[in-house]
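Given next, in structure tokens, is a single chain: the form predicted alone.
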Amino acid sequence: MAEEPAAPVACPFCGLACDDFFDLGDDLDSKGCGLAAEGLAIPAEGGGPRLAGGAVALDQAVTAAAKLLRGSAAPLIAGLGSDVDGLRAALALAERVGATVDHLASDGLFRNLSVLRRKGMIALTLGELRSRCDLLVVIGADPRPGFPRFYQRWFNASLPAPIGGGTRRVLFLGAEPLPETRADLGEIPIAVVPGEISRLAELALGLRSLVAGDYFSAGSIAGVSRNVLTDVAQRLGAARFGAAAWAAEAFTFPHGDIAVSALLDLIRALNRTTRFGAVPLTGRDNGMGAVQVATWQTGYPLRLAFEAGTLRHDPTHLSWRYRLAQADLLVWLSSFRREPPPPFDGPVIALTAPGTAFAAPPAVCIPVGVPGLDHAGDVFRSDGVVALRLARRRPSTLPRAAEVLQAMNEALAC
């Protein structure tokens, strides 16, 4: 009897959630992705829970964590690197103890979300990018480090021709592509327009004016000459189905959300004569899942505070970075990678992937399983429209983050 083909396996280690990994038993293939290789190297066992560095049983660690939570006046639940079940359990715990909740990657998420709220977004799915796009414009720094297989999976010379015709082309606006990116793209024609990345908003608005036929007198914008900008505008307008991709987490210059707003204005202007859409690359550690879960359970996308029986949302003052200074207890959740909690003056309850290195022993440390390796779960892809089921791929006795958080919640109810 012929062997059945290997079942596809989704990868949980970046926002692309690539679903072409294959079940190879104990020898899971990283497909050449550095983030997947790091994730697959996380051990299946973590040495067990610890209190201030000393080994204890899981129920003792849960009891100690519940005691800390009960005595906290301003707890912060952050990191939020977990599958959908873990995120739901974290929100339930936050509601019980009156905590602030935020995801470690929310800076990038909110650069997009803040603009989405004000003016909407003409967004594309990754499937549309792969099947229809003839011109991909990469804005700012090459996103490959955070999304290593973006070009391999969604835009390269080996893919069929775009639906509707056209020849695939790539324009890098603001920075050079990495050498690995050039290799991934293969024979696709590449154009590069270097510029001052911190002035992306000006660059995008200049292009919008040219696309719309408006006049401006400047000889250059953000280090790019008017002649080059005119050529870029013509390339954009000639696309049959264009896509603009960026990683807002890298927009660390002042007012990065203004750059996103300007890019969306450019896309809106292009849609008067052609089809163009946004591909905002974000969502590491299931960040898009955190946005989705928070929204469907509370109506708000993260940066929440459960205070005195009420719910408050503040995109600025409830970010985890801002709240670290006001919190008296930090619950740090990172089950996809060995990401230690940030420096914090108070006690820390850490639910992290095994092998995480800490600057100082947390008050409570509970190693938890990696979704998609040690247990099944669900994550959302970067485009926010696809939820992928993760399968358990190896034997492990590590508890799920959702189970630990629920146990803490139940201990508090007693």
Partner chain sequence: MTGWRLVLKQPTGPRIDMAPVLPQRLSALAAAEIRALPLTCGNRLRPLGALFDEEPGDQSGDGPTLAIGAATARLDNLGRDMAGGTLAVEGDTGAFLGRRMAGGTITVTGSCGAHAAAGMTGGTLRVAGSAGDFLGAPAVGEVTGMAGGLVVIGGDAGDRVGERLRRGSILIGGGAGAYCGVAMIAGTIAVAGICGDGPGFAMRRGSIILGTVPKRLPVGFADSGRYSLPFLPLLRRHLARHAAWLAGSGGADRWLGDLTAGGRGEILCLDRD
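Residue numbers count along the first chain shown, from 1. It should be emphasised that the depicted structure is a prediction, and the values quoted were computed from it without experimental measurement.
Not pictured, yet referred to below: the form predicted in complex with its partner chain.
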{"query": "Any non-hydrogen atom of Gly71 within 4.5 angstroms of its partner chain in the predicted bound form", "finding": "yes"}
{"query": "is_contact(Ile258, its partner chain) in the predicted bound form, heavy atom dist at most 4.5 Å", "finding": "yes"}
{"query": "is_contact(His313, its partner chain) in the predicted bound form, heavy atom dist at most 4.5 Å", "finding": "yes"}
{"query": "Proximity of Gln326 to its partner chain in the predicted bound form, heavy atoms at 4.5 Å", "finding": "yes"}
{"query": "Partner-proximal stretch of 218-226, 244-252, 335-343, 175-183 relative to its partner chain in the predicted bound form, 4.5 angstroms, heavy atom", "finding": "218-226"}
{"query": "Contact residue in the predicted bound form, chosen from Val97, Leu109, Leu171, Val211 - any heavy atom within 4.5 Å of its partner chain", "finding": "Val97"}
{"query": "In the predicted bound form, the residue from Gly79, Pro75, Gly86, Gly287 that sits within 4.5 Å of its partner chain by heavy atoms", "finding": "Pro75"}
{"query": "Sequence-ordered list of residues in 104-125 near its partner chain in the predicted bound form, where near means a heavy atom within 4.5 Å", "finding": "Arg117, Arg118, Lys119"}
